[in-house]
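In the structure tokens that follow, the same protein chain appears in two forms, which are kept apart as structure 1 and structure 2.
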Structure 1
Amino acid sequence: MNTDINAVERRQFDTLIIGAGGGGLRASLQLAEAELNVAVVSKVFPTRSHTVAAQGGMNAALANVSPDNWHWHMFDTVKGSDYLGDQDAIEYMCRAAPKAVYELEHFGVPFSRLDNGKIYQRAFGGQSQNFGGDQAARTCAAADRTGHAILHSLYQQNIRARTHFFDEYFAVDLLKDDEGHVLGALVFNIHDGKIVVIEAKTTLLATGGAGQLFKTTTNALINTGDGMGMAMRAGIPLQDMEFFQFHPTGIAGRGMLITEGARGEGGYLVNGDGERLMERYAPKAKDLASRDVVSRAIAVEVREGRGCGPNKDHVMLKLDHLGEDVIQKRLPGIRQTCITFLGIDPAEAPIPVFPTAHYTMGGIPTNRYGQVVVPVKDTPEEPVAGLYAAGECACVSVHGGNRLGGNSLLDILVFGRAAANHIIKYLKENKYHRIIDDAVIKKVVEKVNRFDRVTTGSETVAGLRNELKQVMEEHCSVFRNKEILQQGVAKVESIAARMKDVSIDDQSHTFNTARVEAFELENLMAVALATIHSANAREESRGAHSRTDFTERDDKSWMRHSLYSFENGLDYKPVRTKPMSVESFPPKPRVY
């Protein structure tokens, strides 16, 4: 690779979007339709982005099936967050939800329909009518392939709007000037290794989550926390990384997702004794309690010897009572997954399930306009000039300690659009490109070139990655305590220190895949450090962070967001408990 920075290709755009999932494509569409020059960089073809894997649906208080309104949705989201969510952002999201769904309908998303022609809505966990009353049906679905339908529709709309795509390019690092403005990023073509500097007046990170931190996960191999790693190397802390959601119903031992929609359609969990186990843990909501509650319940059942199978290491999800017609109409993808990978037809037999790593509730701290915000001396937080984030890589925070199913697709679309709208305003006041110092570019080019040839270190990328995933699985899972977490901190720190000795495999280097995997591992290391340190420090149980040595939620000491950075280690900032226009929901015991 050429090390002469004068020979490096440079491209200029109004906005650079890194990531082509739902958040990135919703933002790029808004910007392209405002006649701005937009570049979208994606390390995979856009329709392979992980939004395509979202199954169950998207929450919005349309009231098509049962009475509903945005305020009830807001209450459920605040409660679901275990009161750690920022209530102004939650109000904004829930108010915007119906419009977001109708926009998607007009973009061509083929939502499932009721007999009266309205959009079908199914029940999901943690939903209620009238602030904790009867079960609500709030999740708008396209069978069990909702994310697939949304992503393809958004991509087609972006092609129509002439968005510029850099498909199968890998973003290495953000570019900043001395005043802290983010000026774009350095990327390279995965196919031929060609480096491109993309200069942009504004940059939006929409790179998704980091499920590949864990050995067993619903996430694709691409979910390596790239945007979060880039942000940390740019001096930006990550927020609330201790809160990682384990989905209750991954296929046992394999991790593939069985949508919460399966329980929303009437499925239920049974233990090895044939009991409906959720009646013990959530007498009212039962199998539609929030995800952290259901995951812990399954883990407890297995730990106490009431699991299923020869090793009693999972429970069963029963759908066979629903009948073949309902399953084929509402859950066709789930049925095919089970037949293909398990040889089980859920219309005839139950599905073995166990909690599996699923969703990153923390991320890059933003406000409800999508601006990346960081604490500055004497002020709570200030925006990083020119930098935005949206979707799973961002922490607004609408999910707090636990995300409700159906709120993630809503999150990416609402805040992808909000970020784009703020970018449009920002560009009216910042019309010109700022100059990027050659020294800044040279530093990142040299970093890329570090993996431009076969290296012979004592460590392999695959070996370190597998070791990291195993450590995170064992030390930062559904249940945690001081001893387990402290051991995890030491092990992750040790693995991270060995990154300098990593070698590159000769064979795969032909297609630059080994180099991509090395950069992905660097990003995973950064995210792992933020996650394990934040979890070790939080001495309470809240949402998905469940400690056996601090079993109660402690609002007096821990009603605050964690922040972890390379430069400052751990810091904290207050939760925004004041909504935009309504009374706040004060913390209460969280029961379902």
Structure 2
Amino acid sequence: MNTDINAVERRQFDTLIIGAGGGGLRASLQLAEAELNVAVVSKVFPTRSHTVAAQGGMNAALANVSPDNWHWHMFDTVKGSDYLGDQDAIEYMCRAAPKAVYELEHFGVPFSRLDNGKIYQRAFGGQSQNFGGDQAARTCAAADRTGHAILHSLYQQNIRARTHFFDEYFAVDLLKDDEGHVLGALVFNIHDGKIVVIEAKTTLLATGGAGQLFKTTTNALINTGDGMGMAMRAGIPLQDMEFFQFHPTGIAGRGMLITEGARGEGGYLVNGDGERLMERYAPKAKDLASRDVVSRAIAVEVREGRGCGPNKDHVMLKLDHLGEDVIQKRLPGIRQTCITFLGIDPAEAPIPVFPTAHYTMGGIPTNRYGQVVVPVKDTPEEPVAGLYAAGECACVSVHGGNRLGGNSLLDILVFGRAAANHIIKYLKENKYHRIIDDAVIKKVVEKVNRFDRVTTGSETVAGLRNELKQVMEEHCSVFRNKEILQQGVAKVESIAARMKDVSIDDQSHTFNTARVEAFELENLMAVALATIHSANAREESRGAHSRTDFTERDDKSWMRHSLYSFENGLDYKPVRTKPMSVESFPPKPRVY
């Protein structure tokens, strides 16, 4: 690997985009079509980004199936966010949604159709007509593979528009100057370890979520919060990280999601004593109670020693009473997943389940133009020159305390495009590259080269990572109170302090995945610190952040965004309750 920084390859672009999921590719397409010189760096081949796993669909008030308009969509999103979402950004997103869908259609996404030829829309939880009235049907889908269709269409469009791709390159750190301008990033080629400095007038982080923080997660291995870690090391706080969405029924120890449809068809949960547990926690709704209630019930059963299996660390989802015909007809995907991964046919035996981490609501703070914003003196949201973020790694914040199904694909597309539009404007006024100080590059080169030397560090990447994931699952998952969180803070701090002793066995430069995993762990560690500190401090229950010692939402003290940075620890800023053009939705109890 290069040690002389004069020998390090340098490339110059108008914009550098880190991450090639839906958010990154929507932005790069907009920029490439504006004839800007745009580079996309992705650690995996672009069509292997996690957007490919989004099955459900994308919300837009097209009114093809039920009466609908963007204002109702906005109301549902504000209410769903438990009033922590920024209402200007939410209005912007809901207004832009129909256009985002039609654009995708023109890019070649094969949306499912109604008999009359219009785009089919399905009903999802949390969607209403007329501000909390009847169920709306707002989600546009391309069968059960919407994310796959969007990602492939956007990738093809980018190839046509001549976007420059750095496939299988890993971005290590952002490069900044003394005045705080972000000037690009240092990356290396995973194939041969070669370092490249990508100088860019603007940089967009679009690296996705951080589900790998938890032992049980639905997220792919690539979801290690890389952009969030890079931002934190560049002095930028992370916002609202205590809000992490969990799904109650993931396959225990594996994470894959068993859809609510399984309980909808009559499946129910049992504990180690064979007791139907939800009868105690939600006597009326039982197994169909809301996600957070079911998740906490499972966590309580396990904590109190009524779990199943040799370690009593999960409960069972029973479906066998439904009969093979019903399961094969209505839940074929679940049956196949259980047979493949567990060797269990749910028609014959129950499925071991535990709450699984699904979606990062928090992230890098941005405004609705995708600009990364930080507090400076009395200004809570001062843009960082040259830096943008979009998608799950960003917190714009449209999801607030809780994301609605169908709003995540919408978020990445609307704000990927909005960020690109702002970049185009910014570049008209900022035409030249600023100079990067050699010392800034040298520091990151040395960090990368650290793993070239054979060291005798006492810690392994896999060992620390597994320990971190276990601690986060035990101390920052669905069951939170002061004692558990404070213990978690101490444990995560102690694991983070051991990072400096990490060594890797492989010093080669060819496909050295051990080196990549070490940098991914560094990113996860930063995100873990932000998450557990923010959760420990927020003394209320709101959205996905639910505490047994502070069970109510406290708008007076806590209707504000958390910010956590290495430099300043915790800080807060107000929620933007004023929309762009309509009246605010004041906080009300979130009852469905």
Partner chain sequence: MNKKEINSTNYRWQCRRGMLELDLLLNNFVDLGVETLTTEQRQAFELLLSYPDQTLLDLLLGNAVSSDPEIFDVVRLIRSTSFN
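Remember, predicted model here, so these are calculated numbers, not experimental data. Reference numbering: structure 1, starting with residue 1. Heads up, when I say rigid core I mean the largest set of C-alphas that superpose within 1.5 Å between the two forms.
In this pair, the copy labelled structure 1 belongs to the form predicted alone. Comparing the chain between structures 1 and 2, the rigid parts pivot at a hinge, and of the candidates 246, 384, 57, 230 the one placed there is 246. Note on conformational change between structures 1 and 2: two rigid parts, with the smaller rotated by 30° relative to the larger (from C-alpha fits). Relative to the superposed core, residue 351 moves its CA by 7.5 Å between structures 1 and 2. Here the rigid core is superposed, and residue 250 then shows its C-alpha moved by 3.2 angstrom between structures 1 and 2.
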